[in-house]
Structure formats: structure tokens, C-alpha cells
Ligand SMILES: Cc1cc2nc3c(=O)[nH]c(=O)nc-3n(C[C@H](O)[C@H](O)[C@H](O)COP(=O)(O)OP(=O)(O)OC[C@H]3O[C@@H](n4cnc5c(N)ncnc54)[C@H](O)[C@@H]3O)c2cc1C
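Single chain ahead, written as C-alpha cells, the form predicted alone.
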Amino acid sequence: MTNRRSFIKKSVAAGAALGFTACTPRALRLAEKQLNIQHSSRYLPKLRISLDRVVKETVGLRPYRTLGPRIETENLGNTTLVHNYGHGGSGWSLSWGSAAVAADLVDTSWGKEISLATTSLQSSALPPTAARKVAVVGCGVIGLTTARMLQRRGYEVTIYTKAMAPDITSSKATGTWSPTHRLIESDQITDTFRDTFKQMHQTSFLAFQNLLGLGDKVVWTDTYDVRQELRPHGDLPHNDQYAFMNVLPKSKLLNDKEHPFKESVVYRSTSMVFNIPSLLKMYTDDFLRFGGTVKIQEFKRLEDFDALPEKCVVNCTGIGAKKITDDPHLTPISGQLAFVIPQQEVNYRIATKGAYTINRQDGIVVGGTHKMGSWNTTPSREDTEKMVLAIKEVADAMYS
């Protein structure tokens, strides 16, 4: 360090002798910080962000249900209907676990039909072969993972959907591991919910770990939370009931030499990012490869489910379930994203007041809006400007 400081002082003196502006002690500290960062493992390539680099804007509607996700069975005429919707901002994170819970309900329903077919003399009883056919309504991440889970259990699955990627809400999500984001009202948490959530959390986390190494579909990345002041301690209750959620490295408050940002309060945490376009394509391709069929069809009421040829239907319509089921507990939360031209070398995220980035292959995604009850899917240029400029202020002040 003594030799490095001596080198910097000599360099500053040489610069002044050549006519450069005289360097203050503050400039000397900045120069030393730059040298420390550039020669450390925490060096970060500088993010280039500006409004003229925004190439796309989207608005997605999170299907927030105050009681938490609805995963339950309902008898509908001649049809057994399994609901699987209402995951708020946690749909991607909990998709595989939610699919497993829904598939368990289908297994139970199928078992009842087999029992009925073998013991009843009624002509309406379903033969075992018919009971193996299942319809999944919805082709977002919940629908696709549910369909794949059912295929793995030997069912013949048809997906019925109004639209496919990229014209679905799942294509407009952030794509980060956030299993508790806008999931349930805190006063609605019961022991039954905790047990189901634990199952979904563990199943989903393992599923995403099994996707690591298959290209860029799931990646681990660091987030730098840049703040003006210290944040409150942890979001999770500190008790054994939530110990299973400690699957991520603990967030760390960095010292001044461990980050390149102007602000002195910077936290680093590590989590997963899902590259949504490639994952949706992989899920769809796998579903078709294993014999699945996709049919374009819109559903407007519950009776439309009963009209399907399959007599076991899984409802994975997300926010669309509001219109179909008239669920009073379901409401949209709109979130806008701005896509900035990708930088392959940027392998970290920035979070600051009012905005955050996500480093995905389809762009540097900038988000930060949460509008409860809004059905508006038209992007707001004002919201884009606020989010992009908030990140630009942090990025421009990075020492490079």
C-alpha cells in the first residue's frame, strides 16, 4: 500500500507539472479508490444507460390474491376443476412447486375417478383411459410448468390458451427469484399456507438449480443495493418456521473499497435471474416434444371449462381468472419494464430508490413500478424516464 500511495502521489505531481488541474486530497483519495477497485475482484464494468438506449417498454399485470395462491379442487358439472392461479409477483419463482401441488390434486381426482369407474354401475362413470387426459388452461409459466409436471406423471395433456409468448403476462415479468413478493396478505397466513408454501419453495428452488448449466436460462448474479442510509434488518421473521428459506447467501454491507459507487451505503446480495424468453421457449418445446398439444381458445366463464372434452381441467389463467371466476380476492398489480440495449459484460444488478435493473440476455431490464388495482397495460413514458434516470444517476457516478 505504501508503494501504491507513493506511485499515485508521484503521478499526481507529474500531472500537475504538465499543466493539469492541481489535485486535492479528495482527488488523491478518488484516484486511490479507482486503483483499488480496478485491481480487485469487485471491479464492475460500467453500465451504459440512457433514454435513447431504451428499445422496448412493457406493462405486466401481476395476479395478486390477498388470500394467497388458489390451488384447490372444485366440482363443475361433469368436470373436476383444479385451480392454480393468484401468485402475485412470485409466479416464476414458485412455478414448479405450485405445479407439483396442482398435480397432486389431479392425481387425487384421477384416483377417485378410477374408483368410481370400477365400483359404480352408472354409465356416466369415466373409464380409466379417459381420466388420463387433462386440460391445462393458460400458457404462461404456471400453465407450462403444470403441463410439464403432469406429463412427467404420465398424463396426456392439452393446453388451451388465449395467447402464447411473447403476448402473455409471463413474458412481461422481471424474472428474478422472489418467492414472497406480493404473495399474500400477512394477516391471512395460516399453518396450512406455511406448509404448502414450504413445499412450493423447496420444489421450485431445486428445479431451478437443475436448470443451471443449460445455457443462460438460469444464472446467479450479484445485486448492489445503493442507498442513502442503512436499511432495516431483514424482511423475514427470525424463527425456525422460515429456516427453509435460507437458501441464499446473506446480504453484506460493503466497505468503501469493495464497490465502485459514489454512495457509501451499498449492500451486495446474490440471487437467481431467469432469462424469460429462452425459458418459455424451452418449456413450450419440451411440452410439444413429449406429445403435448396447444389449442388457441378463449375462456370467458366457468361453464366454458365444462364444455371441454377433458373431464379434468387445471385453471392456470393468472389474472384472467378474475373475469372467469369472479374471484373477489384477486386484483392486478401493474408493473412497467423498460428494456435497454444489452451489455454482455454487465453481469450484476443495481437497485436504488424507485428503480432496479436486471441483467438479462434480452436487455438490461429496468423496473420499479407497482400500481395496485391498475388494469392499464399501456406503457407510460413518464414512468420509463423516472426509472431510467434513477439508475443513470447511480451508474454515471460509478468510478470507472
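Not measured: the values here are computed from a predicted model. For every residue, the number given is its place in the sequence shown, counted from 1.
We do not show the form predicted together with this ligand, though everything after this point is about it.
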Students should find that, of Phe197, Tyr224, Trp96, Phe299, the residue having a non-hydrogen atom no more than 4.5 angstroms from this ligand in the predicted bound form is Phe299
With the partner omitted here, the residue among Ile168, Ala135, Leu150, Val82 that in the predicted bound form has a heavy atom within 4.5 Å of this ligand is Ile168
Any idea which of 215 to 223, 157 to 165, 262 to 270, 248 to 256 reaches within 4.5 Å of this ligand in the predicted bound form, heavy atoms considered?
-> 157 to 165
Consider Ile364 of the chain shown here, and say whether it contacts this ligand in the predicted bound form, taking contact as heavy atoms within 4.5 Å.
-> no
Heavy atom to heavy atom, is Arg62 within 4.5 Å of this ligand in the predicted bound form?
-> yes
Please check if Ser109 has a heavy atom lying within 4.5 Å of any heavy atom of this ligand in the predicted bound form.
-> no
Interface membership of Ala102, this ligand in the predicted bound form, 4.5 Å heavy atom rule | no
Mind listing which residues of 168 to 194 have a heavy atom within 4.5 Å of this ligand in the predicted bound form?
-> Ile168, Thr169, Ser170, Lys172, Ala173, Thr174, Gly175, Thr176, Ser178
